[in-house]
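Next up: a single chain in C-alpha coordinates, the form predicted on its own.
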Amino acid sequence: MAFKKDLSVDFAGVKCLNPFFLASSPVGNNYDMISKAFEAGWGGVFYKNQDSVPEHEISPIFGVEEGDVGRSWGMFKNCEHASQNSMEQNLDYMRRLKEHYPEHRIFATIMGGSDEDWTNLVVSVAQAGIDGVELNMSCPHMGRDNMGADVGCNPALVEQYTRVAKKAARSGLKVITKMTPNITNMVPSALAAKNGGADGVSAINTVKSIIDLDKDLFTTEPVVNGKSAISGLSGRAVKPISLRFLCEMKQNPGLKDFPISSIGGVYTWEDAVDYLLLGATNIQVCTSIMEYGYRIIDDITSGLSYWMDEKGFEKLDDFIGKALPNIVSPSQFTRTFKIHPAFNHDKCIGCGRCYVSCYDGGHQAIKWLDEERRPQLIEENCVGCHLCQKVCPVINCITPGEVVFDEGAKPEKIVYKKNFD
(Lines give C-alpha, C1' and ligand atoms only; values in the text may rest on other atoms or scores of the structure.)
Protein backbone atom coordinates (compact mmCIF):
# COMPACT_ATOMS: atom_id res chain seq x y z
CA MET A 1 0.00 0.00 0.00
CA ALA A 2 1.45 3.38 -1.04
CA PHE A 3 2.28 5.86 1.71
CA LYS A 4 -0.38 8.60 1.87
CA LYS A 5 -0.61 11.84 3.82
CA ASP A 6 -3.86 13.55 4.68
CA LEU A 7 -4.52 15.37 1.42
CA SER A 8 -7.92 16.77 2.30
CA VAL A 9 -8.51 20.40 1.37
CA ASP A 10 -11.19 23.07 1.42
CA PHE A 11 -12.12 24.29 -2.03
CA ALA A 12 -14.61 27.17 -2.27
CA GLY A 13 -16.10 26.22 1.08
CA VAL A 14 -16.44 22.53 0.20
CA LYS A 15 -14.43 19.91 2.07
CA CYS A 16 -12.72 17.57 -0.41
CA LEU A 17 -10.97 14.23 0.19
CA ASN A 18 -8.12 15.53 -1.96
CA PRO A 19 -7.69 18.32 -4.53
CA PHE A 20 -7.63 16.03 -7.57
CA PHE A 21 -10.75 16.09 -9.73
CA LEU A 22 -11.63 14.80 -13.18
CA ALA A 23 -11.87 17.76 -15.55
CA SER A 24 -14.98 18.47 -17.57
CA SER A 25 -14.09 16.27 -20.53
CA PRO A 26 -14.50 12.76 -21.91
CA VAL A 27 -12.89 11.33 -18.73
CA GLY A 28 -16.01 12.13 -16.66
CA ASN A 29 -19.09 11.52 -18.77
CA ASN A 30 -21.20 8.82 -17.08
CA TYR A 31 -21.78 6.85 -13.90
CA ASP A 32 -19.54 3.88 -14.70
CA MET A 33 -16.53 6.02 -15.58
CA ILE A 34 -16.78 8.32 -12.59
CA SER A 35 -17.50 5.58 -10.07
CA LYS A 36 -14.38 3.78 -11.29
CA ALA A 37 -12.41 7.00 -10.83
CA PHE A 38 -13.76 7.52 -7.31
CA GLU A 39 -12.84 3.95 -6.39
CA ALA A 40 -9.34 4.62 -7.70
CA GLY A 41 -8.95 7.61 -5.38
CA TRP A 42 -10.01 10.76 -7.24
CA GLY A 43 -11.60 13.35 -4.96
CA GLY A 44 -14.31 14.62 -7.29
CA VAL A 45 -15.41 15.47 -10.80
CA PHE A 46 -16.38 18.43 -12.91
CA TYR A 47 -19.00 16.50 -14.83
CA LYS A 48 -18.82 16.70 -18.64
CA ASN A 49 -20.13 19.95 -20.11
CA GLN A 50 -23.89 20.18 -20.70
CA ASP A 51 -25.18 22.63 -23.28
CA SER A 52 -28.52 24.36 -23.61
CA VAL A 53 -28.83 23.09 -27.19
CA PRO A 54 -27.81 19.44 -27.87
CA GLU A 55 -25.11 19.14 -30.53
CA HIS A 56 -24.23 16.14 -32.67
CA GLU A 57 -20.49 15.53 -32.28
CA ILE A 58 -18.01 15.55 -35.16
CA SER A 59 -15.80 12.61 -36.17
CA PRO A 60 -12.90 12.38 -35.65
CA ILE A 61 -12.57 14.66 -32.61
CA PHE A 62 -8.85 14.56 -31.77
CA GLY A 63 -5.55 15.51 -33.32
CA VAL A 64 -2.05 15.11 -31.90
CA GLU A 65 1.23 16.95 -32.45
CA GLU A 66 3.95 14.87 -34.08
CA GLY A 67 7.25 14.67 -32.19
CA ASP A 68 10.83 13.89 -33.17
CA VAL A 69 10.21 10.19 -32.54
CA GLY A 70 6.66 9.17 -33.40
CA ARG A 71 3.77 10.95 -31.77
CA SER A 72 4.40 13.52 -29.09
CA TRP A 73 1.76 12.39 -26.61
CA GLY A 74 0.59 14.94 -24.11
CA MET A 75 -0.21 17.52 -26.79
CA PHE A 76 -3.76 16.77 -27.89
CA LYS A 77 -5.89 19.07 -30.00
CA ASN A 78 -9.63 18.54 -29.90
CA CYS A 79 -12.79 20.05 -31.33
CA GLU A 80 -15.19 18.46 -28.86
CA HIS A 81 -18.33 20.19 -27.64
CA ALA A 82 -20.87 18.99 -25.08
CA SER A 83 -21.92 15.71 -23.49
CA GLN A 84 -23.74 13.42 -25.88
CA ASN A 85 -25.95 12.17 -23.05
CA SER A 86 -29.38 13.67 -22.54
CA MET A 87 -29.98 15.91 -19.54
CA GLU A 88 -32.16 13.18 -18.03
CA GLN A 89 -29.34 10.64 -18.34
CA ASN A 90 -26.80 12.98 -16.78
CA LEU A 91 -29.11 13.86 -13.89
CA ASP A 92 -29.59 10.16 -13.19
CA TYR A 93 -25.84 9.51 -13.29
CA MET A 94 -25.10 12.41 -10.94
CA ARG A 95 -27.87 11.45 -8.49
CA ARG A 96 -26.54 7.91 -8.26
CA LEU A 97 -22.96 9.12 -7.82
CA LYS A 98 -23.99 11.39 -4.93
CA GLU A 99 -25.94 8.56 -3.35
CA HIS A 100 -23.16 5.99 -3.64
CA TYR A 101 -20.18 8.31 -3.04
CA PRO A 102 -21.42 10.99 -0.62
CA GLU A 103 -17.90 12.09 0.39
CA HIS A 104 -16.84 12.77 -3.19
CA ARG A 105 -17.62 16.11 -4.79
CA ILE A 106 -19.58 16.64 -8.00
CA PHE A 107 -19.66 19.90 -9.94
CA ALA A 108 -21.71 19.95 -13.14
CA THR A 109 -20.16 21.95 -15.98
CA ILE A 110 -22.76 23.87 -17.97
CA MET A 111 -22.69 26.35 -20.85
CA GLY A 112 -25.37 28.78 -21.93
CA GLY A 113 -25.73 31.71 -24.30
CA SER A 114 -28.32 33.87 -22.55
CA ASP A 115 -29.69 34.69 -19.11
CA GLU A 116 -32.50 32.21 -19.70
CA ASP A 117 -30.06 29.47 -20.74
CA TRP A 118 -27.93 29.85 -17.63
CA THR A 119 -30.95 29.98 -15.32
CA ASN A 120 -32.54 26.87 -16.78
CA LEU A 121 -29.28 24.91 -16.77
CA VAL A 122 -28.47 25.74 -13.14
CA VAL A 123 -31.99 24.83 -12.01
CA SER A 124 -31.87 21.58 -13.99
CA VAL A 125 -28.54 20.21 -12.78
CA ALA A 126 -29.21 21.28 -9.18
CA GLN A 127 -31.96 18.64 -9.09
CA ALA A 128 -29.25 15.98 -8.84
CA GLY A 129 -28.19 17.19 -5.39
CA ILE A 130 -24.69 18.04 -6.54
CA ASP A 131 -22.13 20.24 -4.77
CA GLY A 132 -21.76 22.95 -7.39
CA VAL A 133 -21.76 24.12 -10.99
CA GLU A 134 -18.92 25.19 -13.23
CA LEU A 135 -19.90 27.89 -15.72
CA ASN A 136 -18.10 27.21 -19.01
CA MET A 137 -17.22 30.64 -20.37
CA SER A 138 -14.07 29.33 -22.02
CA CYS A 139 -14.67 26.69 -24.70
CA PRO A 140 -12.46 27.71 -27.66
CA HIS A 141 -14.40 26.04 -30.47
CA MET A 142 -18.13 26.44 -30.09
CA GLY A 143 -20.49 26.03 -32.99
CA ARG A 144 -22.21 29.30 -31.99
CA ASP A 145 -20.68 32.72 -31.40
CA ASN A 146 -22.49 33.73 -28.22
CA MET A 147 -20.98 31.07 -25.97
CA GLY A 148 -17.71 29.76 -24.58
CA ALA A 149 -14.55 31.82 -25.02
CA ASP A 150 -16.50 34.64 -26.67
CA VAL A 151 -18.16 35.18 -23.30
CA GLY A 152 -15.00 34.71 -21.25
CA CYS A 153 -13.19 37.46 -23.16
CA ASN A 154 -15.91 39.94 -22.16
CA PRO A 155 -15.76 40.79 -18.42
CA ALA A 156 -19.17 42.46 -18.55
CA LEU A 157 -20.79 39.24 -19.81
CA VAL A 158 -18.79 37.15 -17.35
CA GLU A 159 -20.17 39.19 -14.48
CA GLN A 160 -23.71 39.23 -15.89
CA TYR A 161 -23.96 35.49 -16.49
CA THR A 162 -22.25 34.62 -13.22
CA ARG A 163 -24.75 36.77 -11.33
CA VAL A 164 -27.64 35.13 -13.18
CA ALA A 165 -26.31 31.64 -12.36
CA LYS A 166 -25.70 32.53 -8.72
CA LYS A 167 -29.23 33.85 -8.38
CA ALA A 168 -30.64 30.65 -9.84
CA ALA A 169 -28.50 28.41 -7.62
CA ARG A 170 -30.15 26.85 -4.59
CA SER A 171 -28.70 27.58 -1.18
CA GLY A 172 -25.32 25.90 -0.71
CA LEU A 173 -24.74 25.22 -4.40
CA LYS A 174 -21.28 26.54 -5.27
CA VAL A 175 -20.72 28.48 -8.48
CA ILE A 176 -17.32 28.27 -10.20
CA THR A 177 -16.72 30.35 -13.33
CA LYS A 178 -14.36 28.79 -15.89
CA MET A 179 -11.87 31.21 -17.47
CA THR A 180 -10.56 31.26 -21.04
CA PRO A 181 -6.79 31.39 -21.70
CA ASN A 182 -7.45 32.90 -25.11
CA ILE A 183 -7.09 36.37 -23.67
CA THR A 184 -4.21 38.70 -22.83
CA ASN A 185 -5.06 39.26 -19.16
CA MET A 186 -7.32 36.91 -17.18
CA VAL A 187 -7.54 39.11 -14.08
CA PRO A 188 -10.39 41.38 -15.30
CA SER A 189 -12.59 38.40 -16.15
CA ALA A 190 -11.77 36.67 -12.85
CA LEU A 191 -12.61 39.84 -10.91
CA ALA A 192 -15.83 40.11 -12.91
CA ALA A 193 -16.74 36.55 -11.90
CA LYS A 194 -16.06 37.40 -8.27
CA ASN A 195 -18.16 40.56 -8.53
CA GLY A 196 -20.95 38.48 -10.02
CA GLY A 197 -21.00 36.28 -6.94
CA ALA A 198 -18.85 33.33 -7.99
CA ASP A 199 -17.43 31.18 -5.20
CA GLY A 200 -14.27 30.64 -7.23
CA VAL A 201 -12.88 30.33 -10.75
CA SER A 202 -11.29 27.52 -12.73
CA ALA A 203 -8.52 27.97 -15.29
CA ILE A 204 -7.49 27.18 -17.89
CA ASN A 205 -9.49 25.65 -20.70
CA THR A 206 -7.72 24.53 -23.85
CA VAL A 207 -5.68 27.00 -25.92
CA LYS A 208 -6.76 27.93 -29.43
CA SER A 209 -4.28 26.36 -31.82
CA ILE A 210 -3.37 24.85 -35.15
CA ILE A 211 -1.01 21.86 -35.11
CA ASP A 212 1.00 20.27 -37.95
CA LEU A 213 -0.73 20.66 -41.29
CA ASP A 214 -1.41 17.60 -43.38
CA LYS A 215 0.84 18.00 -46.41
CA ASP A 216 -1.52 16.02 -48.65
CA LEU A 217 -4.94 17.29 -47.57
CA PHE A 218 -3.65 20.82 -46.82
CA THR A 219 -5.47 21.16 -43.53
CA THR A 220 -4.85 20.36 -39.88
CA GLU A 221 -6.08 17.74 -37.43
CA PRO A 222 -8.70 16.67 -36.69
CA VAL A 223 -9.68 16.32 -40.36
CA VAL A 224 -13.47 16.24 -40.71
CA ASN A 225 -14.46 15.48 -44.29
CA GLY A 226 -11.41 17.37 -45.59
CA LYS A 227 -11.82 20.38 -43.30
CA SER A 228 -10.59 21.39 -39.87
CA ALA A 229 -10.69 24.39 -37.54
CA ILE A 230 -8.76 26.36 -34.97
CA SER A 231 -9.51 24.45 -31.77
CA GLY A 232 -8.23 23.58 -28.32
CA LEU A 233 -4.74 22.34 -27.41
CA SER A 234 -4.38 20.48 -24.10
CA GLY A 235 -1.78 18.54 -22.15
CA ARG A 236 1.83 19.22 -21.24
CA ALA A 237 2.17 22.08 -23.73
CA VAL A 238 -0.38 24.28 -21.92
CA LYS A 239 0.91 23.84 -18.36
CA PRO A 240 3.33 26.83 -18.46
CA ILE A 241 0.49 29.02 -19.74
CA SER A 242 -1.86 27.82 -17.02
CA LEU A 243 0.74 28.40 -14.29
CA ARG A 244 1.28 31.94 -15.55
CA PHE A 245 -2.44 32.80 -15.37
CA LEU A 246 -2.75 31.20 -11.92
CA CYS A 247 0.18 33.23 -10.59
CA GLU A 248 -1.15 36.50 -12.00
CA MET A 249 -4.55 35.92 -10.45
CA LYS A 250 -3.25 34.90 -7.02
CA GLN A 251 -0.92 37.90 -6.90
CA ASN A 252 -3.76 40.31 -7.60
CA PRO A 253 -4.97 41.85 -4.28
CA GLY A 254 -8.61 41.29 -5.23
CA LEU A 255 -8.06 37.58 -5.95
CA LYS A 256 -5.35 36.49 -3.51
CA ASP A 257 -7.87 34.73 -1.24
CA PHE A 258 -10.26 33.72 -4.02
CA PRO A 259 -10.45 29.93 -4.61
CA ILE A 260 -8.97 28.77 -7.91
CA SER A 261 -9.23 25.36 -9.55
CA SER A 262 -6.27 24.86 -11.91
CA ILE A 263 -6.25 22.83 -15.11
CA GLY A 264 -3.54 22.03 -17.61
CA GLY A 265 -0.86 19.39 -18.17
CA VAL A 266 -0.89 17.52 -14.84
CA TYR A 267 0.80 14.16 -15.37
CA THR A 268 2.87 13.70 -12.19
CA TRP A 269 2.96 14.69 -8.53
CA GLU A 270 5.57 17.30 -9.45
CA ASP A 271 3.05 18.93 -11.81
CA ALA A 272 0.49 18.95 -9.01
CA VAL A 273 2.92 20.53 -6.56
CA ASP A 274 3.63 23.33 -9.06
CA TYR A 275 -0.04 24.33 -9.03
CA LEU A 276 -0.36 24.04 -5.25
CA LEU A 277 2.76 26.15 -4.68
CA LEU A 278 1.16 28.92 -6.75
CA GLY A 279 -2.03 28.90 -4.72
CA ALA A 280 -4.47 26.49 -6.36
CA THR A 281 -6.68 24.54 -3.95
CA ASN A 282 -8.18 22.27 -6.60
CA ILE A 283 -6.55 20.57 -9.60
CA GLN A 284 -8.42 19.17 -12.58
CA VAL A 285 -6.91 16.47 -14.79
CA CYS A 286 -7.88 15.27 -18.26
CA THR A 287 -5.25 14.56 -20.92
CA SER A 288 -3.00 12.35 -18.81
CA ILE A 289 -6.02 10.23 -17.85
CA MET A 290 -6.89 9.86 -21.53
CA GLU A 291 -3.40 8.47 -22.07
CA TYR A 292 -2.82 6.38 -18.96
CA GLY A 293 -6.15 5.92 -17.21
CA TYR A 294 -7.47 6.71 -13.76
CA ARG A 295 -4.65 4.74 -12.11
CA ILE A 296 -2.32 7.75 -12.29
CA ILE A 297 -4.01 9.14 -9.18
CA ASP A 298 -2.08 6.65 -7.05
CA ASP A 299 1.25 7.88 -8.41
CA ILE A 300 0.19 11.51 -7.91
CA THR A 301 -1.04 11.14 -4.34
CA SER A 302 1.74 8.83 -3.14
CA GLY A 303 4.45 10.99 -4.75
CA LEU A 304 2.94 14.11 -3.21
CA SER A 305 2.78 12.40 0.18
CA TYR A 306 6.43 11.36 0.11
CA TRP A 307 7.47 14.87 -0.95
CA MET A 308 5.44 16.42 1.88
CA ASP A 309 7.02 14.03 4.37
CA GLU A 310 10.50 14.89 3.10
CA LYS A 311 9.80 18.62 3.44
CA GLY A 312 8.11 18.31 6.83
CA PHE A 313 4.65 19.38 5.63
CA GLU A 314 1.75 17.79 7.47
CA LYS A 315 -1.08 19.18 5.34
CA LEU A 316 -1.57 20.92 2.02
CA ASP A 317 -2.22 24.28 3.64
CA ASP A 318 1.38 24.23 4.92
CA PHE A 319 2.70 24.99 1.42
CA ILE A 320 -0.19 26.13 -0.79
CA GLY A 321 0.91 29.45 -2.30
CA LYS A 322 4.41 29.20 -0.88
CA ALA A 323 6.07 30.13 -4.20
CA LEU A 324 4.04 33.28 -4.83
CA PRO A 325 6.36 35.71 -2.95
CA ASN A 326 9.30 34.49 -5.04
CA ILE A 327 7.69 35.18 -8.43
CA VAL A 328 8.45 38.85 -9.01
CA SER A 329 8.68 41.45 -11.76
CA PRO A 330 11.99 41.34 -13.70
CA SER A 331 12.51 44.92 -12.52
CA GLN A 332 13.04 43.52 -9.01
CA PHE A 333 15.87 41.16 -9.96
CA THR A 334 19.31 41.61 -8.42
CA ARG A 335 21.66 42.66 -11.23
CA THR A 336 25.03 42.96 -9.48
CA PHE A 337 26.56 39.55 -10.18
CA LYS A 338 26.96 36.75 -12.69
CA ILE A 339 27.37 33.01 -12.11
CA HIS A 340 29.93 31.45 -14.41
CA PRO A 341 29.45 27.83 -15.50
CA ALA A 342 31.75 25.07 -14.30
CA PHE A 343 32.62 22.19 -16.66
CA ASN A 344 33.11 18.60 -15.46
CA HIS A 345 35.58 17.26 -18.00
CA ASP A 346 35.26 13.71 -16.67
CA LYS A 347 31.59 13.67 -17.65
CA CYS A 348 31.99 15.59 -20.93
CA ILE A 349 31.31 13.50 -24.04
CA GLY A 350 32.69 16.10 -26.47
CA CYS A 351 29.40 16.58 -28.33
CA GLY A 352 30.07 20.29 -28.81
CA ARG A 353 26.53 21.47 -28.12
CA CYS A 354 27.64 23.96 -25.47
CA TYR A 355 30.17 25.51 -27.87
CA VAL A 356 27.73 25.77 -30.78
CA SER A 357 24.92 27.23 -28.68
CA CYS A 358 27.22 29.74 -26.97
CA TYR A 359 28.80 30.87 -30.22
CA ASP A 360 25.70 30.97 -32.41
CA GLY A 361 23.13 31.88 -29.76
CA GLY A 362 25.08 33.37 -26.87
CA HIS A 363 28.20 35.39 -26.17
CA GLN A 364 31.10 33.41 -27.70
CA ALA A 365 32.41 32.53 -24.23
CA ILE A 366 33.52 28.92 -24.82
CA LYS A 367 36.59 27.58 -26.59
CA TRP A 368 38.07 24.09 -26.93
CA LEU A 369 40.57 23.07 -24.27
CA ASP A 370 42.02 20.25 -26.39
CA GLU A 371 41.45 18.01 -29.40
CA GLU A 372 38.80 16.08 -27.45
CA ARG A 373 36.58 19.14 -27.61
CA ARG A 374 36.36 19.67 -23.88
CA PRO A 375 35.00 23.17 -23.19
CA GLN A 376 36.93 25.97 -21.52
CA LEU A 377 35.34 29.24 -20.39
CA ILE A 378 36.41 32.60 -21.79
CA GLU A 379 35.62 34.47 -18.59
CA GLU A 380 35.72 37.99 -19.97
CA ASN A 381 32.99 37.11 -22.50
CA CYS A 382 30.69 35.12 -20.19
CA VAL A 383 27.54 36.87 -18.92
CA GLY A 384 26.36 33.88 -16.86
CA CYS A 385 23.30 33.11 -18.99
CA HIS A 386 23.69 29.31 -18.53
CA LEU A 387 22.52 28.51 -22.04
CA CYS A 388 25.39 26.03 -22.22
CA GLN A 389 24.01 24.09 -19.25
CA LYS A 390 20.49 24.05 -20.66
CA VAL A 391 21.56 22.41 -23.93
CA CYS A 392 24.07 19.95 -22.42
CA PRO A 393 22.74 16.37 -22.74
CA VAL A 394 24.75 15.07 -19.74
CA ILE A 395 23.29 15.68 -16.27
CA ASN A 396 25.56 17.78 -14.06
CA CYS A 397 28.31 17.99 -16.65
CA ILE A 398 27.84 21.75 -16.56
CA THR A 399 26.92 23.29 -13.20
CA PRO A 400 27.03 26.76 -11.58
CA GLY A 401 30.59 27.77 -10.75
CA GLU A 402 32.16 30.98 -9.48
CA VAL A 403 29.92 33.89 -8.51
CA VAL A 404 31.47 37.09 -9.89
CA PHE A 405 30.23 40.42 -8.50
CA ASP A 406 30.24 43.63 -10.51
CA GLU A 407 32.97 46.10 -9.70
CA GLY A 408 31.93 48.15 -6.68
CA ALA A 409 29.08 45.78 -5.76
CA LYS A 410 28.93 44.50 -2.20
CA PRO A 411 29.39 40.69 -2.10
CA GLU A 412 26.43 38.94 -0.57
CA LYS A 413 25.02 35.46 -0.16
CA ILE A 414 23.44 34.47 -3.45
CA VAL A 415 20.60 31.93 -3.58
CA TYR A 416 20.70 29.75 -6.66
CA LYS A 417 20.23 26.16 -7.75
CA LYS A 418 23.61 24.45 -7.53
CA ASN A 419 22.68 21.10 -9.02
CA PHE A 420 20.60 20.18 -12.03
CA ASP A 421 19.75 16.56 -11.39
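Computed from a predicted structure; not experimentally measured. Numbers for residues come from their place in the sequence shown, where the first is 1.
The protein also exists as the form predicted in complex with a small molecule; that form is not presented, and the subsequent description refers to it.
The single contact residue among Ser261, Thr287, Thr162, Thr301, judged by any heavy atom lying within 4.5 Å of the small molecule in the model of the complex, is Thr287. Site annotation in the model of the complex: the residue of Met94, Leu278, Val238, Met147 reaching within 4.5 Å of the small molecule with a heavy atom is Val238. The stretch from 261-269, 245-253, 215-223, 310-318 that comes within 4.5 Å of the small molecule in the model of the complex, counting heavy atoms only, is 261-269. Contact check for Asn18: no non-hydrogen atom falls within 4.5 Å of the small molecule in the model of the complex. In the model of the complex, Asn136 approaches the small molecule with a heavy atom inside 4.5 Å. At the 4.5 Å threshold, heavy atoms of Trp118 stay clear of the small molecule in the model of the complex, well away from it.
Although the partner is absent here, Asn29 lies well away from the small molecule in the model of the complex, with no heavy atom inside 4.5 Å.
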